[in-house]
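The form predicted on its own is given below as one chain in structure tokens.
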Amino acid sequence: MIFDVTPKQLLEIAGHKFSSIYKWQLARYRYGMGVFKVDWALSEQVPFKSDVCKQAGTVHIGNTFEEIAQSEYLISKGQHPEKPFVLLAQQSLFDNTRAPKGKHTLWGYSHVPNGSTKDMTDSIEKQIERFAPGFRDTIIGRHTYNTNQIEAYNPNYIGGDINGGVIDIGQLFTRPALRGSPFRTSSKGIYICSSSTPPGGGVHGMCGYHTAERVLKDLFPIHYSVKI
């Protein structure tokens, strides 16, 4: 069995099959920042001052490196920055099925402390407005998700954490536990393949790819070889 879940769900589903030390390791797994997400319907394209941003499918808004670092630092300390780092996606620029002719869609999110229910809509829109004056005038409608709503949408997003757990030096190679293979559990035949395994969230598909390699090697230790 291969589970695309985080350690919390893995314990709930199959914890009775695991060794005590493996259960202890999973229980100590740390979850990271949550996100506050907004979906917008727009009357026109986002009026960025930068022509490059007007042509980009994804735009990262944060001004200077120092401002971004300060924003993320405050969130790691449980605070909500006034000028958050914002990730935006403008799919309707390239996919005309996303919105009626002449209109556009946009979604974006900022990081927030894990489990936060603070409404970040105003802070996010102010941040976009800094680099796209008149943005708020283009908004036809919006829908928001706080961390609780994001977790309700997908139980893997613990506290709104869409990356499957903190990715730092203490939990980069040992996610979800310190083992010879992070994809194997302590119970033979049970594997974990989610972003709670290396290389973590954001490297789309690679956690499952490496887990599949591990499963095939275990099933066919002599004959299996990787062909790329």
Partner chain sequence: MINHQSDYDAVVVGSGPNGLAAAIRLQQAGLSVIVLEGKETIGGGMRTAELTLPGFKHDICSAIHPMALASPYFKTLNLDTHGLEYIQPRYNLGHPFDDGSSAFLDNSIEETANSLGVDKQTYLDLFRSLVNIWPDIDQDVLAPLHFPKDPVALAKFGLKALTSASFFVGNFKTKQGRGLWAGNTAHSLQPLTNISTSAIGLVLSTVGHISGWPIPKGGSQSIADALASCFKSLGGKIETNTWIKSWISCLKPKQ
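Note that the coordinates shown come from a computational prediction; the quantities given were computed from them, not determined experimentally. Residue numbers count along the first chain shown, from 1. The term rigid core refers to the most C-alpha atoms you can superpose between the two forms while keeping them within 1.5 Å.
There is another form of the same protein, the form predicted in complex with the partner chain; it is not shown, and what comes next is about it.
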Exercise for the section: Check whether A177 has any heavy atom within 4.5 Å of a heavy atom of the partner chain in the model of the complex, and answer yes or no. Expected result: no
Handout entry: 4.5 Å heavy atom contact, D137 to the partner chain in the model of the complex
Key = no
Practice task
Using the partner position in the model of the complex, report whether P155 sits within 4.5 Å of the partner chain, counting heavy atoms only.
Solution key: yes
Practice task
Determine whether any heavy atom of A27 comes within 4.5 Å of a heavy atom of the partner chain in the model of the complex, and answer yes or no.
Solution key: no
Completion exercise
Applying a 4.5 angstroms cut-off on non-hydrogen atoms, the residues of 120 to 142 near the partner chain in the model of the complex are R130, F131, I140, G141, R142
Handout entry: Rigid core superposed: A69 CA moves 2 Å or more between this form and the one not shown
Key = no
Problem - Core superposition between this form and the one not shown, C-alpha change of V203 at least 2 Å - result: yes
